[in-house]
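Heads up, the chain below is alone and in the form predicted on its own; it's given as structure tokens.
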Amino acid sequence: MNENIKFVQGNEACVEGALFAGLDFFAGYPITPSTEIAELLSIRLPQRGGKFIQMEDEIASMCAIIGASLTGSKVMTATSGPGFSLMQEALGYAIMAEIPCVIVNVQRGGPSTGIPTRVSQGDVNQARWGTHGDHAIVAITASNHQDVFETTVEAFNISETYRTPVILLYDEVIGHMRERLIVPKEGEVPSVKRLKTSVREGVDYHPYLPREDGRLPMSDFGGVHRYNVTGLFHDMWGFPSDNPKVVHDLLRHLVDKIHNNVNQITKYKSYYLDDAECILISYGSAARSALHVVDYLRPRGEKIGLLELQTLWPFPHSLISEKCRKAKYVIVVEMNMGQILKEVRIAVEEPEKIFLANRIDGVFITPMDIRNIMRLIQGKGV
């Protein structure tokens, strides 16, 4: 029996990925459909010397992982829509104070309590704009459990590299379906360690002064260096400042460190795009149905391809423009009212050739749903 091969839920695959990446501290509050992540980590994490704590709510959970990250831990929390809404103020704090952390949002129907046990992909724009003010964010997703594992590891890598929160935006179908997962051996998948400062004790330490490569080395809070942490605009020592140049430069840094590295951050999968006249663009569990359509129609002579997005934010506009340039029409497959559709239309030269195949009723979008939309489009002579 190969112990590295498991038959697991997507939420379990996320746990395996987090532990592989070196998760030290988890704080959370149970909420459907992400609860299995907390349940499993309450057992697995202490067995590895890590810390698990159930907080009184999602606000406290987000604040707890921020504090733990500052002391040097790799941290994560997990939630769903209503809890993610509660985390937004603290998420903005983590962006401003440049605190590495990973937030898992297993999406369900909304708004409000919505449909707790059914699927949705309605939190895409909330992940981008949920916290107030100009800012950049990284949000990534996956359509199968092997990719859930790898994107979870990647979330920690991005978070540590760019000193930023990273959102794992899975959905209920991915969280609760079961399939095979092969857990790689240590070292087979890269894992980024926290970049620690080389500044000695007693020497002036600038916690917010980037190196030439743009990275900011950290010093464990409560260790040998004393420094200030605030959600206010601040100088390189961390002290609040309303100096226009300081404010401008810090905001540009917070945004540019993500947007200038969009090519390094962007991950995607492509299927049969070289000659595709119809391109499906999808992500998360919806991409499974989209791939089924492609695999069914390709052998029947239809020039159809799939672009599966794994990075949703920062949105890969240049990638979309390049891949869709030669297509006669493009169908965005998602389970919301067209949140990624809007970004795709911005990215392409001919937005009128972009169409939507969606469901918003808590029911998983099927291959037949997509094919019915294709027939309507083809019937219009596109």
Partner chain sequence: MAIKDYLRERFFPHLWCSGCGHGIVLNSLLRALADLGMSKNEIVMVSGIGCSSRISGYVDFHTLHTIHGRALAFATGVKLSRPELNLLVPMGDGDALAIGGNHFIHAARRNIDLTAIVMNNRIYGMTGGQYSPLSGQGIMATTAPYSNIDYDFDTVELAKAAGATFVARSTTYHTQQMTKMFRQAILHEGFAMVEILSQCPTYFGRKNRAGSAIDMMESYKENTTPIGSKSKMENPDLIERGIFVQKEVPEYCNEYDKIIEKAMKGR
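Positions refer to the first chain, counted from 1. Keep in mind it's a predicted model, so treat the numbers as computed, not measured.
The next section is about a form of this same protein that is not shown, the form predicted in complex with the partner chain.
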Task: Contact residue in the predicted bound form, from Pro244, Gly214, Pro111, Gly231 (heavy atom within 4.5 Å of the partner chain) - done: Gly231
Task: Ile31, Val348, Ile53, Leu356 - the one with a heavy atom within 4.5 Å of the partner chain in the predicted bound form - done: Ile53
Open item on the list: Looking at heavy atoms inside 4.5 Å, which stretch does the partner chain contact in the predicted bound form, given the options 231-239, 267-275, 147-155, 308-316?
Closed with: 231-239
- [ ] May I ask you to state whether Ser120 is within 4.5 Å of the partner chain in the predicted bound form, using heavy atom distances?
- [x] no
- [ ] Answer for Ala90 alone: is it within 4.5 Å of the partner chain in the predicted bound form, judged on heavy atom distances?
- [x] yes
TODO: Indicate whether the partner chain has at least one heavy atom within 4.5 Å of a heavy atom of Asn260 in the predicted bound form.
DONE: no
Task: Interface membership of Cys324, the partner chain in the predicted bound form, 4.5 Å heavy atom rule - done: no
Task: Candidate spot Gly130, Thr161 and Leu195, all three touching the partner chain in the predicted bound form (heavy atom, 4.5 Å) - done: no
TODO: Would you give me the residues of 208-235 that have any heavy atom within 4.5 Å of the partner chain in the predicted bound form, in order from first to last?
DONE: Asp220, Phe221, Gly222, Gly223, Val224, His225, Arg226, Tyr227, Asn228, Val229, Thr230, Gly231, Leu232
